[in-house]
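What follows is a single chain, given as structure tokens, in the form predicted on its own.
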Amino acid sequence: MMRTILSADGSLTRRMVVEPGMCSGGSLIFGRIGDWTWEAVAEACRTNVHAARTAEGRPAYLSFYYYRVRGGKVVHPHGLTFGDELQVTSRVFQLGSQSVLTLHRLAPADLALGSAPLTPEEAYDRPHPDCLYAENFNRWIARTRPGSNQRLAEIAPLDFTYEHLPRLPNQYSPRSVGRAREAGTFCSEPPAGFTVTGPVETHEYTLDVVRDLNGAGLVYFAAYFSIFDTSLLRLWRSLGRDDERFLQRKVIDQKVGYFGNADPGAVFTITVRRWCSAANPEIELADMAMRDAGSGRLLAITAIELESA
């Protein structure tokens, strides 16, 4: 059940009840937030994002380049269950002629935020402690070769309008994603207050064409969360922890950088590094990089700060 309101500042506010298709110990909520991003961009940019075309008539896709989510005390990614009531606010910002950034706030419906707008200052500097905040940096892409998910080109559809969107203040620009791509990690420097725990592990994952591909034949952006979580679960079990404890983990902050796609039959290698907080041993950080096993091409990275139950 959902009711959507378009505000004067261009943001979308949804009052909704959590349904089975948006809550789990996996990637369902990340997929739903991504759907809200497409809906918000379609509304804000007056573009049919689901059927966008390039000037040559090829399908154009609003791909995910960077995804960040920060959990709150009440609303966090794996803490939602059937019947929870939320107020979801989404707002789109311009980032050049081929990109947009969308902010989301997931608040408990009874938090009484009223008509408070969602601003970058709130999302980045003064987040409400009970709310979940998500940041999606999306780029338009198109295939350069029919049937291939490699060498995707950045190209926007003809009807994409962005000049009227508010600009994201420079201090909040996600430019650090480019540096993380060059380094192959979000943690090129040891995280402050954390100490390394255990050796680097390497896991292998074969692309699952049943679960991991979307309707356009691309690796689904939310599948990257699942693939990384599969490696995290392997590490979890190697530490002697049970699956119930894994399902109860609380994501404090997770970043995902998307740098490549893959074709059916692909095999990935995923390296995992782990740190623990010196102040609180229940708070950990996992740093992972996903590469094509054959070419070594970097496909994605993530850093997950979590609290184990």
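One-based numbering along the sequence shown. Since this is a predicted model, take the numbers as computed values, not measurements.
One more form of this protein exists, namely the form predicted together with another copy of the chain; it is left out here, but the text below deals with it.
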Flag P129 as yes or no: does it have a non-hydrogen atom within 4.5 angstroms of any non-hydrogen atom of another copy of the chain in the model of the complex? no
Can you tell me if G260 lies within 4.5 angstroms of another copy of the chain in the model of the complex, counting non-hydrogen atoms only? no
Heavy atom to heavy atom, is V210 within 4.5 Å of another copy of the chain in the model of the complex? yes
Verify the contact flag for T230: yes if a non-hydrogen atom of it lies within 4.5 Å of a non-hydrogen atom of another copy of the chain in the model of the complex, no if not. yes
Which of 250 to 258, 279 to 287, 65 to 73, 263 to 271 lines the interface with another copy of the chain in the model of the complex (heavy atom within 4.5 Å): 263 to 271
May I ask whether V18, L28 and A216 each come within 4.5 Å of another copy of the chain in the model of the complex, counting any non-hydrogen atom? yes
Those residues of 76 to 98 which, in the model of the complex, come within 4.5 Å of another copy of the chain by heavy atom: L80, T81, F82, G83
